[in-house]
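Take a look at this single chain, the form predicted alone, given in structure tokens.
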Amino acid sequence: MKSILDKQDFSNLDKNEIIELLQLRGSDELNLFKKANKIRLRYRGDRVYLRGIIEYSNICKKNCLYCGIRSGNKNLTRYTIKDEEFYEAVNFAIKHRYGSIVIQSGENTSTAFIDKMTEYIKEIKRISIGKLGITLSLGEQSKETYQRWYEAGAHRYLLRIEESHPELYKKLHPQDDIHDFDKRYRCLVDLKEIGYQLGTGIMIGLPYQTIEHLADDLIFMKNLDIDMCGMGPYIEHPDTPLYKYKNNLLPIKERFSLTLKMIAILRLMMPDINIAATTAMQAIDPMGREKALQAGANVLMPNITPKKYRDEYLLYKNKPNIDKNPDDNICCIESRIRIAGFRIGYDEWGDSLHYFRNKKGI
């Protein structure tokens, strides 16, 4: 009997085919990962690109029901990194030949925040002599703000949709004006129209989520024609409303396995995009990020936030490496990537090939 893995072209998988792939087990599951890795090597090579994350602030106006830094969580200390600490992290990335950094923060639309980010983007370009690529993950903003940051020098933006079904999205967020699926989707369209390399992603194993939802999420990303993706397993946080569902969730290892399959299938569907091996994978399995790389991912995002702040930027429980210095992380990452069979693309932005192929009309 012919297997779905015998297909020659995975670029236009339908929903039923995706569901079939998500249900693979045993040797078939391993063969899926091998096929995805082969496609990744063909289209993106054996290099892993580093994006040093700076978690600028855990102050957030959103109150998402799954997130540890939600505005309603009173059990953490709010912080904003000082300028000198921010630039110390940037200089660490330059010194250690990271190709790019990611500025990540709780959602903030104040004029002071927007101005500060503009200042940072311009200064990063100046002090790195244009060598550091800049990805932003700063949530929903006006199109004018996105345009301003793009003109300042940012060129990639990650805005996770978290769940592409409007009805399920509603169950994960308070029902008010600032938690609106259509607004978030509009932001993704705005970012693409401006010219950013567009990134999004979802959580896998959420309450209420089905395998049919996951198949539709992959089709959503394909139809949106994203350039990069960051998705990972849902890991519950005790200071969130969704924690009450902890005993009804898929077992954590099954969430991990499903995430690997989602990465592999997306790689088959969109061979030339960038896919991150997210930190949440390592929270479940000590070799989780390496396994994600071997299933088709090609980007790592090491945390270069000053150590003293990391305890307060916990989107989920058991976040790894919060007690390690950035220097410890880079040594560990290099050896782990080598053992996994890849090499670091030092001093490389590692931009999405998909983005440039689209620009050239290929």
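Numbers for residues come from their place in the sequence shown, where the first is 1. Because the structure is a prediction, the values reported are computed rather than measured.
Omitted here: the form predicted together with a small molecule. The next part is about that form.
Is residue 234 close enough to touch the small molecule in the predicted complex, meaning at least one heavy atom pair within 4.5 Å?
Residue 234 belongs to the contact set for the small molecule.
So, residue 67 and the small molecule: in the predicted complex, are they within 4.5 Å at any heavy atom pair?
Answer yes; at least one heavy atom of residue 67 falls within 4.5 Å of the small molecule in the predicted complex.
Should residue 33 be classed as touching the small molecule in the predicted complex when contacts are defined as heavy atoms within 4.5 Å?
Although the small molecule is absent here, residue 33 would stay clear of it in the predicted complex, with no heavy atoms inside 4.5 Å.
I'd like to know whether residue 203 contacts the small molecule in the predicted complex, with contact meaning heavy atoms within 4.5 angstroms.
Yes, residue 203 sits close enough to the small molecule in the predicted complex that at least one of its heavy atoms falls within 4.5 Å.
Just give me the single entry in 107, 85, 180, 272 that has a non-hydrogen atom within 4.5 angstroms of the small molecule in the predicted complex.
Residue within 4.5 Å of the partner: 107.
Listed residue (131, 184, 143, 155) with a non-hydrogen atom within 4.5 angstroms of the small molecule in the predicted complex
Contact residue from the list: 184.
Region of this chain that lies against the small molecule in the predicted complex, out of 256-264, 159-167, 123-131, 186-194 [heavy atom, 4.5 Å]:
Selected range: 159-167.
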